[in-house]
Ligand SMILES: Cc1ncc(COP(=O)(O)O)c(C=O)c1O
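Only one chain is included here, represented as structure tokens and corresponding to the form predicted on its own.
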Amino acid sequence: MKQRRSELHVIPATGMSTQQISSAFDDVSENDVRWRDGKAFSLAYNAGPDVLQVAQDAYDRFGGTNALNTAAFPSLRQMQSEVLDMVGVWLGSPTTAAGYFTSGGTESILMAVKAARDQFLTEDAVTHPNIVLPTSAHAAFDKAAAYFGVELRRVAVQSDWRADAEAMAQHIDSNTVLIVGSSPQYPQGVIDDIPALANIALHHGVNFHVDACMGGVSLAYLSRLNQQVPPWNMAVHGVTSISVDLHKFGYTSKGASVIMYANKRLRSFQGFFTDQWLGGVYASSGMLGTKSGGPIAAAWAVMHYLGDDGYLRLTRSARSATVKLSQHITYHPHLSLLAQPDALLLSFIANDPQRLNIYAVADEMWKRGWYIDRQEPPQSLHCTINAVHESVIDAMIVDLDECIAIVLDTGKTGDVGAYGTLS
């Protein structure tokens, strides 16, 4: 493999001091986005230094434990169970529901696909499984399809960016094992018509997964803040599984997500079991084998620290910032929202792309320390807005307008970015 550096980095001959390591961290992170200051509108979520400290302390205490076998660490079993119970309330889960703690939204989605595939292979003898989903559904479904040998049938969304339920129904056949909706979908921040999709799933006898990785916490509280929230969770009959990331709007440490199934039978198809080696019985609930107890403990700690009133307060703050930014864009002479945000995500475009390159605006914002996602199609900028942004949204709007003026004046262009990278 071609090396990107002139020299390979080698392990030091003698160990470094903790001070040297701290200084090295300062140096290597010098150009990282200042997410603690609210400069990141993607990838990082911040409810304040006190919450970060609670999460860090819990993670440090349990980071060396191993949740592969909770018989050795019953504390992790208890904390996982209690986290699942609390999350189940947010998700409108029935009393029969059963779930697992996963490492993130991608693993939750992978497991939903794997479970549906194995269920229909076992119970219906489906040999060429497929999934029907809108083009707005997360890219992790493509990853799942590639990993598990499942055909993916993506269907164009409606003009309002929501899933086209009728069109999706036309793509369901005897090999379909799963259909997908989002609450909300990531690219434009709107909630799919979950009841309509659920009815289709029930009619065709297929599973229905709701990806609520972005909305599973915030939507539960937005409905209590006098915002109209359409049916979105397991309270809708026909939803067989739902995912929510706790390390997003739950404000816990990275590596915390939940996938919930309507019952234990559906959940049973997620796990893996073997005794075909010389080490005895091996079983795991998800993609990972060994997994740190740190994220589990941090999730438990943050959820207990914030409590119901804390999450209501944080959701109110994030929604306030979302509304302020969305209103500014709505009345902006050079920008337009792709959709009014149903939750805490929004995406916007340039009214005249030939005159204003929206990616160049992102470049100028990055020069001022603001990190904003780039999307296409269409070429647009995407903001994930959380509690920390309430205190900085006015400054962000000022910089946004100044950066737009610079791009209009100079005619600069920018390059499309990538949500992830293979580097």
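For clarity, every value in this text was computed on a predicted model and none was experimentally measured. So that there is no doubt, residue numbering starts at 1 and follows the sequence shown.
Unshown form predicted together with this ligand; subsequent notes refer to it.
K.L.:
Looking at heavy atoms inside 4.5 Å, which stretch does this ligand contact in the predicted bound form, given the options 301-309, 205-213, 258-266, 324-332?
P.N.:
So the stretch in question is 205-213.
K.L.:
Checking a candidate spot here: are Gly105, His138 and Lys248 all in contact with this ligand in the predicted bound form (at least one heavy atom each within 4.5 Å)?
P.N.:
Per the other structure, all of Gly105, His138 and Lys248 touch this ligand.
K.L.:
Val180 versus this ligand, in the predicted bound form: is there a non-hydrogen atom within 4.5 Å?
P.N.:
No, Val180 stays farther than 4.5 Å from this ligand in the predicted bound form.
K.L.:
Would Gly293 count as touching this ligand in the predicted bound form under a 4.5 Å heavy atom rule?
P.N.:
Gly293: no, not in contact with this ligand in the predicted bound form.
K.L.:
Please run the contact check for Ile109 against this ligand in the predicted bound form: heavy atoms, 4.5 angstroms, yes or no?
P.N.:
Residue-level check for Ile109: yes, a contact with this ligand.
K.L.:
Does Pro134 make contact with this ligand in the predicted bound form, using a 4.5 Å heavy atom cut-off?
P.N.:
No, Pro134 stays farther than 4.5 Å from this ligand in the predicted bound form.
K.L.:
Pick from Phe73, Tyr221, Phe120, Tyr186: which residue has any heavy atom within 4.5 angstroms of this ligand in the predicted bound form?
P.N.:
Only one listed residue qualifies here, and that residue is Tyr186.
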